[in-house]
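In structure tokens, one chain follows: the form predicted on its own.
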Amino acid sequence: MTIKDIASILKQNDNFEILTHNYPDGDCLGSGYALCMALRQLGKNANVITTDKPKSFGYITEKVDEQSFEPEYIVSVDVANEKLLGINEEKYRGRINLCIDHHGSNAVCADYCYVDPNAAAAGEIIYDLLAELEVKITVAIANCLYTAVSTDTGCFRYINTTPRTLRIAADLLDLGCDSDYINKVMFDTKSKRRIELERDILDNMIFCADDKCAMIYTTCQMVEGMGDDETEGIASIPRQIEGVKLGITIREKPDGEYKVSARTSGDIDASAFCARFGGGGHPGAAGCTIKGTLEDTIAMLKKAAEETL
């Protein structure tokens, strides 16, 4: 399947629901809303379905009012597994018509799938798709796509950043995206509560595998009253430590499960590491979910880290 094939499918259908994963980040929201606005520009009905809309992404979502229509075609964007749909999983499982993603471990069951693991973000795929659809990239769409590619590359610092990523970002700047505002909101603004959380995280940091692995965690109590946008980017903390090749972030969820994020450098495959626990992702960044106590989760991850490193 090619980008041209996807464009043809979208042109032939209407009344779209665009799915994003739970705890939505800049890539899935930016990609989803860019696609939504593009489809509306073509005269089609489209809505983005998400479990939450963090307030920091208001500049993306606030001007895209929900339309009223009977959905006919379901598209998932930046969703590597139907389990990541969260509360929407039961409703949409087995109903996805088109899956657009950049995770090599993608396991979504859809009528059509387009997965490009070489894309730094799903936003890169949507950028190509809009060109094929001959859609005008407005400032609003450019802001969405810049958010997508910048957040999934850590403001172009992560190993997944490619020359193509930078060329796309440059084009979006030429098209008028407000990079100053987006960079400020996404990378340079922290609440007082966030600073206090980082202090607690650092106080409880765990090292193993001869200090080549650093592990941090947050409990529900630690993040009580905080929005997902306030905790965004925490997973990058362990990886910033000199000598650390594997950074692990454990986040307790209200249902008692623990969401695990792994970030690596060098020749350590984060996706392979998380696959040991039923997860996946990219070589440099991946995730999984573990059931059990925090102590057991830490012990399992320690053992796996020492075997990996």
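If you superpose the two forms and keep the largest set of C-alpha atoms that fall within 1.5 Å, you have the rigid core. This one's a predicted model, so the numbers in the text were calculated from it and none came from an experiment. The first residue of the sequence shown is number 1, and the count goes up from there.
The protein also exists as the form predicted in complex with a further copy of the same chain; that form is not presented, and the subsequent description refers to it.
- Using a 4.5 Å heavy atom cutoff, none of T2, Q12 and R40 lies near a further copy of the same chain in the model of the complex.
- Taking non-hydrogen atoms only, L85 never approaches a further copy of the same chain to within 4.5 angstroms in the model of the complex.
- Proximity of T162 to a further copy of the same chain in the model of the complex: non-hydrogen atoms within 4.5 Å are present.
- Heavy atoms of Y114 never reach within 4.5 Å of a further copy of the same chain in the model of the complex, leaving it off the interface.
- None of the heavy atoms of I234 is located within 4.5 Å of a further copy of the same chain in the model of the complex.
- Here the chain stands alone, but in the model of the complex its contact with a further copy of the same chain, taken as any heavy atom within 4.5 Å, falls in 187-195 among 73-81, 134-142, 187-195, 103-111.
- In terms of contact with a further copy of the same chain in the model of the complex, the residue from D255, E242, D267, E66 that brings a heavy atom within 4.5 Å is E242.
- In sequence order, Y146, C155, F156, R157, I159, T161, T162, P163, L166, R167, A169, A170, D171, L173, D174 are the residues of 137-176 having a heavy atom within 4.5 Å of a further copy of the same chain in the model of the complex; the partner itself is omitted from this view.
- A movement of the C-alpha atom of A46 falling short of 2 angstroms is seen between this form and the one not shown when the two forms are aligned on their rigid core.
- Superposed on the core, the two forms barely differ at H103: its CA moves less than 2 Å between this form and the one not shown.
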